[in-house]
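Below, in structure tokens: the form predicted on its own, a single chain.
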């Protein structure tokens, strides 16, 4: 395993820049050029800028990818007119939203109205500093990375309900209550599905979970947990068939009724950020992360940035399945949504935990083989 991390690269870049400045600036500046606190702050800023740029580029590509896939599913081309194959359509939409004004309703709570969408997006971006996309794509070892990512991910219902309440609009409030109820109902089976993975791996470290899938991916023996997790993620991301809080024909566009301009863009961008995070988690927990099975030729896995390439390829395939579901299934009713979450997903997730415990007892599976250090 490589010891080089993204943060160490950012730190080395800052040290190189300051060293260059050290040789050309007057001696009066030498003191603050070698200040460890300055180096730490600049390294963190560069590390965050790289993560932010990578997450935003992939999020914009996801939007284009979904538009093109939905077009193909509906026997049309999708976005085509702005840029080659519509690649610049999302930038045009962003510029349009940036130019629009945001008006706060007279009776709305100002702090909650402006802070909720900002916090919703910031917490979504924060998770990218936790999730490893390949060897070293982190700030360093993080033993509880899975637990921390799930904790930050679960902040969303609070910010959505706060934004709905602060608008002083009863329709937005009802939409926010629906959204919070939906997210809480599906967070329980998601966490139970994650427990099945933790039982088998014996750790909360995402990097270790990935390395334990070298013989075979957890999605094969833990197929029930995979189905529960993917279904729960669809509900957490409020995507069809679980998009009740934002349905066009429901509650005047759900809980963001009074938002416009960039605040509305924050919500839409955060939804796709969370879709990217959900795809990341599916790949990390069940599809081997950036590793590939042993039958894949080593020449395809030993190339520079090969691990990052395979990880992103799996991520886009998972998101393609999300789009496929959106194009295929009708929207469910609210009572059906909650009944599926509490009466179907929870029992299935408990079954997944039982299967994980049996796998730990069996140690190995026919044909597939054994997991390294199974059960911790």
Partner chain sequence: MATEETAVRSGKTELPLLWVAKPLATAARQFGRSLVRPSTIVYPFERLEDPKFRTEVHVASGKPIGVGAVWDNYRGVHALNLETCISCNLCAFSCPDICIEMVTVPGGDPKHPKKCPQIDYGKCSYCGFCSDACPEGCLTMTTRYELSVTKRSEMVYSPERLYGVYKEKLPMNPIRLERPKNEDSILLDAPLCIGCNACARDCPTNCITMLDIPKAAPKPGEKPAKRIWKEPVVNDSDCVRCGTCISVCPKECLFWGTHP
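Numbering follows the first chain given and starts at 1. Small disclaimer: the values here were computed from a predicted structure and weren't measured.
Absent from the display: the form predicted in complex with its partner chain. The rest refers to it.
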- Sort through 38-46, 319-327, 53-61, 305-313 and report the only stretch with a non-hydrogen atom within 4.5 Å of its partner chain in the predicted bound form. 319-327
- Within 4.5 Å of its partner chain in the predicted bound form, heavy atoms considered, which of 264, 223, 73, 216? 73
- Task: Determine whether any heavy atom of residue 77 comes within 4.5 Å of a heavy atom of its partner chain in the predicted bound form, and answer yes or no.
- Result: yes
- Indicate whether its partner chain has at least one heavy atom within 4.5 Å of a heavy atom of residue 69 in the predicted bound form. yes
- Query: Taking heavy atoms only, is residue 81 within 4.5 angstroms of its partner chain in the predicted bound form?
  - Reply: yes
